[in-house]
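Only one chain is included here, represented as structure tokens and corresponding to the form predicted alone.
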Amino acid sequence: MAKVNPDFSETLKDYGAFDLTACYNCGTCTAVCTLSDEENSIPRKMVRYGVLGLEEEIQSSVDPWLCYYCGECSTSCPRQAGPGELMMSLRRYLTASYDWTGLSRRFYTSKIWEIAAIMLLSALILVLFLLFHGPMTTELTPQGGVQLNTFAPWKRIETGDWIMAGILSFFLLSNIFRMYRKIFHGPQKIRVPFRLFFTQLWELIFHFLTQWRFSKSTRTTRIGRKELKISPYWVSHWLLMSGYVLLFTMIVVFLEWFQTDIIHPWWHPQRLLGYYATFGLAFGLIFFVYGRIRRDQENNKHSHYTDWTFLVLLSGTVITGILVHIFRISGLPYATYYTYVLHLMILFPMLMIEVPFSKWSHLAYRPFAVYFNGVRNAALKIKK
């Protein structure tokens, strides 16, 4: 017998949901959703589970992750119940339910906790630089650039990067394991042949690299005289995601090559990759910030404070990163050193908070949800 949590609708309000009792289960939201199918009735089933307080059923479902919030369901809702925003709130709630540390719940439900964590992690970076930075030399390289590695040796930074990457991987992967446990060992326990986790692995890789479900938005984009079914949200999201993944890989794995005092020509691969990553991040940021300021689309009308925290931190990271590059190649030592410290003071808390506990974790949970959904559906077909 399913367990009912009568206070669940109130719990969801802390994550941004509206009044669930406004829904009278007409099914319009699912009828207009292009991502809904026989296996995943999006978003109607989740709305119904939320109204009934079926918390365990929601935790064992992948449906919230299969929604990319195009906003059509909320626009079409005759009761203005906000099913799209409910799905967004459920993603925040599920992120908190997967997290065994409880930090996600704290960050999503308390501004004080999130701000305090950001300040604490920023202060840690500042203290480390005050104690361990190298000489702040004003002597420039033969090419006229700043000797950044004299002030912040890449080997020390790389060591810190690998420690940070290890911590992030531990928290995120352990939370993904909890996600797996809830989906396959929840109220509707499913016996899955082990081989299916390998045969369906392509879905995880494909959807992580392409974010393809995002492209199935019903909105169209006009290019010249042709109206093409290209989702601007998919393009912007993919550029943001690819820029982030590329830059993270460069600063963690290839820092010796990336953080160099040599000023390469603009067409050098090191600079081209850096410029692409910066462009992807900047383009995505401008698109999403502009949309949230204008609030002219349904999926931008309601912003949780953590959405803005993420955008502010990422914007600060991108802007300071650009300034470090400009100051470095322009031969401005002190501007380079101080901006570099500020850059890491913003970047470090953004990664430590957003990747395992908040917005950036969605980059992992979404493709894993598609993957687990494929594994589950394949197992159900074998059972039949």
Partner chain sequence: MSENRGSIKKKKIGVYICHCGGNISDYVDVEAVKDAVRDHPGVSLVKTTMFTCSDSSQVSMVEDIRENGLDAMVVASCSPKLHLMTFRDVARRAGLNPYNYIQVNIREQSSWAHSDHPAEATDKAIHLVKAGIEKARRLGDLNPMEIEAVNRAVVVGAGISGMRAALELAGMGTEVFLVEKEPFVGGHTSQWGKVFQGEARGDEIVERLYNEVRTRENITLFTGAGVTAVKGNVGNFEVTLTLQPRGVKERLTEEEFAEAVQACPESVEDAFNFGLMRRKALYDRGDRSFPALQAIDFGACTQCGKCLEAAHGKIDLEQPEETITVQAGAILVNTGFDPYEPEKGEFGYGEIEEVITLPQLERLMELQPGKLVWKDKEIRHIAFIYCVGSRQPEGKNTYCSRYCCTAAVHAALRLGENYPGIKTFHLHKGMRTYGKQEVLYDEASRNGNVFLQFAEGTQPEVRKNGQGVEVRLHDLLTLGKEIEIHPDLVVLVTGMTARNDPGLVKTLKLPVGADGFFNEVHMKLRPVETVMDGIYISGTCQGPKNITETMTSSLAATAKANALISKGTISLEPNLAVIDEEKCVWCGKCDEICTYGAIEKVKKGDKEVARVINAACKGCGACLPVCPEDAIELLGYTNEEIFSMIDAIAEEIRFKEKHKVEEEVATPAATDEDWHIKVEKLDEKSKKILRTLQEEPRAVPEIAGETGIPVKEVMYRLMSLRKYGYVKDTNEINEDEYYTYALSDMST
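Just so we're clear, the structure is a prediction, and the values are computed from it rather than from any experiment. Positions refer to the first chain, counted from 1.
The following text describes the form predicted together with the partner chain, which does not appear among the structures shown.
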| item | value |
| --- | --- |
| Residue 51, heavy atom within 4.5 angstroms of the partner chain in the predicted complex | yes |
| The partner chain contact in the predicted complex: residue 80, any heavy atom under 4.5 Å | yes |
| Contact test in the predicted complex: residue 3 vs the partner chain, heavy atoms, 4.5 Å | yes |
| Contact label in the predicted complex: residue 364 to the partner chain, heavy atom within 4.5 Å | no |
| Contact segment among 39-47, 330-338, 315-323, 345-353, judged by heavy atoms lying within 4.5 Å of the partner chain in the predicted complex | 39-47 |
| Triplet 7, 21 and 57 all within 4.5 Å of the partner chain in the predicted complex via a heavy atom | yes |
